[in-house]
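Take a look at this one chain, the form predicted on its own, written out in structure tokens.
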């Protein structure tokens, strides 16, 4: 690749964001859960890896799965009460969760370092080779992204994925046909947090420094914008959206502060003219098949997940 280290770093950040957005697709794209706390789960994965490696001296390879598991447990604990809410109430509750996480991370100075953050996070190593430069880390990140996309595609094609889409389309009808709506929504929420924690761990090992500013609620809105721009309910769309929104500020740097106004208009135009996102441009027929499930599809999903 002929890219400079600066552009390789942007690509790395885009790939890491794509992993997080694929996870958000489970909650928002498949199950219809409006989550504005995704960055908090990314932060939990990042802080988990950072604390375990810097304070306890664990290997990054051991810290990463432990941080992901811990984030999943937190997602279950807060998901049980939060998922009783719907629509904008759920959005506000998850937003409050993200704000609370940022406040705790900024003020629990003895553990998180406060606004000074945590530095000297060890880099990942494979067979004794440290992934310390942008190019080698990019190949590793691409492998993780490919594995994440394949797992997401398998889940989407499974009975659990179809049950999520059925719940998103009509909770009442899904419940009447035997689907455990609460369990399906919780599964989507936890899967979303697991992908976010993986992205957070990758971010911590790549940047080797984290601070509360990296996981504020504005980042949750950015992840949601990436999914909407790319195409909710689509894995390809999640990747395209993450890539585009990461590079858009770089391409439009000449606009200066006016970039934010352009970005707002850009997202508005996507919502109006491309409701299926960028992925809908190339595969409109496929997106229609993956879109709202018809009645026979709903009945088939309910029969498969019925105990």
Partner chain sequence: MTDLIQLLINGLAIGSVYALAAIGFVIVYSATGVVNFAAGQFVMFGTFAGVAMLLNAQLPWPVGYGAALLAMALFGALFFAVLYLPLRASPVVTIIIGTVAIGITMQNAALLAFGSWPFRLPSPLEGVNLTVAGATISAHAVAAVIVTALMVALLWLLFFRTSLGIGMRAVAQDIKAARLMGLKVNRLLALSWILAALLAGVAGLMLGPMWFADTSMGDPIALKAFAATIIGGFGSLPGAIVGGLFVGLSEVLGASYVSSAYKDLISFGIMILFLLVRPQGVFGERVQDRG
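Fair warning: this is a prediction, and the values are worked out from it, not measured in the lab. Think of the rigid core as the biggest set of C-alphas that the two forms share within 1.5 Å after superposition. Residue numbers count along the first chain shown, from 1.
The same protein also exists as the form predicted in complex with the partner chain; that form is not shown, yet it is the one meant from here on.
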Original post:
Among 50-58, 65-73, 30-38, 235-243, which stretch has residues with heavy atoms no more than 4.5 Å from the partner chain in the model of the complex?
Top reply: 30-38
Original post:
Quick one: of 183, 135, 88, 129, which gets a non-hydrogen atom within 4.5 angstroms of the partner chain in the model of the complex?
Top reply: 88
Original post:
With the partner chain left out of view, which of 221, 144, 190, 207 would have a heavy atom within 4.5 Å of it in the model of the complex?
Top reply: 221
**OP:** Spell it out for me: taking the partner chain in the model of the complex, does every residue among 26, 155 and 203 have a heavy atom no farther than 4.5 Å from it?
**Re:** no
Original post:
Taking 4.5 angstroms as the cut-off for heavy atoms, does residue 267 touch the partner chain in the model of the complex?
Top reply: yes
Original post:
Hey, in the model of the complex, is residue 139 touching the partner chain, heavy atoms inside 4.5 Å?
Top reply: no
Original post:
residue 82 near the partner chain in the model of the complex, any heavy atom under 4.5 Å?
Top reply: yes
**OP:** Using a 4.5 Å heavy atom cut-off, state whether residue 125 contacts the partner chain in the model of the complex.
**Re:** no
Original post:
Going by the partner chain in the model of the complex, which residues of 250-272 come within 4.5 Å of it through any heavy atom?
Top reply: 257, 258, 260, 261, 263, 264, 265, 267, 268, 271, 272
Subject >> residue 251 C-alpha moves between the shown form and the other one by 2 Å or more, core aligned >> reply: no
